[in-house]
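As a starting point, one isolated chain is supplied in structure tokens, in the form predicted on its own.
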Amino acid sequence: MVIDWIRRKQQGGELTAEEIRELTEGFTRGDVPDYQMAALLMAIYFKGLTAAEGKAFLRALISSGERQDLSGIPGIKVDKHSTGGVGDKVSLVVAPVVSSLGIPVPMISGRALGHTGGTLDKLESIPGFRTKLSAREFRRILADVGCVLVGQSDSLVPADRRLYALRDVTSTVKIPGLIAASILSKKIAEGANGLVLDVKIGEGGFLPNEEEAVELAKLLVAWAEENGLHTVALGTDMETPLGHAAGNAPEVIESLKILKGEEPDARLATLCELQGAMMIWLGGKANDLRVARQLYREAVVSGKAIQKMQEIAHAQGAAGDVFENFEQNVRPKKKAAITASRSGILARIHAQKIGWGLVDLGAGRKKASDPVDPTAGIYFVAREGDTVKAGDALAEVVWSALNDAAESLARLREAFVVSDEPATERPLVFFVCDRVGCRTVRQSEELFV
């Protein structure tokens, strides 16, 4: 039966909703082996999914487990999700900020996918932090603390967890219908009422150009709204790494500094404020984004944001003082500098090369069973557009688990391009989509008007 479905997709045919339901249920139970599902994914990758098939996958993923009933928790529940990038730690910042303002934030996140980082892996670099909770624990922590940060459990969209891992290791991530079904199944099943989506554009994500990103954003917004999930989607730049650090513990360290009000990377700070403000607006705490942005800033300056992050971590198993000595507790055993081979302008930092270099270093996975080195990562000393001299430090690479990192370091060095030509400027935000439609944006400040 599954062989017939594989053959039909190879020939460009369409699966019925019932067949997709049976396929998903069988795969979740283990009756459909990985090799058959991988063959089907490859056929879908090349032949595509119809809108009806994509929606059928969404329904099948949701129904593979329980749906949270959060109606007993007061307030509009709002979540945020990114399609994946390099150095993208926005979720780690906005979740505690928004929650500190009295908006419940139920957040189900994923692990590293391909060359992109995963929020769960970052959270699990925090000693004691539990991302696998029962449905009862999920609701209790959300009610008590106002935010819960978890992954798919055995009871909540278990089919997506298995499918997500298989897509990662079979290079079949870039299937728009399955990207949309994967993201939205978790958000709908978790019981969220509002959602901010960050659709990444550029080599550091999975969508290389604006046109493909707009199509995915439209798909996500339409399917979300059909399921009662009020959604706003942004198209943002992922051609170069975001922030001063990439890796798991290194990104947590940078996020904590932002939550404490320390000076962040300008592009990262803007993106956090913008997405946080949108969550605050969706959560009903502000009538427009300008007021929401001010509330966001006040939450950071007042110390409420970092305090909320401490509360979340403690509620999910970490020690109450886990962040006081966090850098010491995740200190890497090894480090190496990447230096400029010539003088000139740092014209480019290739996000995808950084991502794959970090996978080689142990920050991500080449296969689903691979362990992750939480300390592995990179700190950027110079940024695109900086003038450098031969021998100047461009970045510091850190890790603990890998014995011989020569190949990883060589791959990371290739990501840095020093040239006589200036860096190409790209907008941080390309577009915004909501239930009304999509509009082009070239300056992020346009969104606060």
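Residues carry their position along the shown sequence, with the first being 1. Here the structure is a predicted model, which is why all the values come from computation and not from measurement.
We do not show the form predicted in complex with a small molecule, though everything after this point is about it.
With the partner removed from view, the residue among S100, S182, T236, Q275 that has a non-hydrogen atom within 4.5 Å of the small molecule in the predicted bound form turns out to be S182.
K186 is the sole member of K200, K122, K80, K186 with a non-hydrogen atom within 4.5 Å of the small molecule in the predicted bound form.
Not displayed here, the small molecule is kept clear of H115 by more than 4.5 Å at the level of heavy atoms in the predicted bound form. The small molecule is not drawn, but in the predicted bound form it has no heavy atom within 4.5 Å of F323. Heavy atoms of R167 reach within 4.5 Å of the small molecule in the predicted bound form, making it an interface residue. For the chain shown alone, A313 is not a contact residue for the small molecule in the predicted bound form, no non-hydrogen atom being within 4.5 angstroms. Of the candidate stretches 275-283, 294-302, 242-250, 173-181, only 173-181 contains residues with a heavy atom within 4.5 Å of the small molecule in the predicted bound form.
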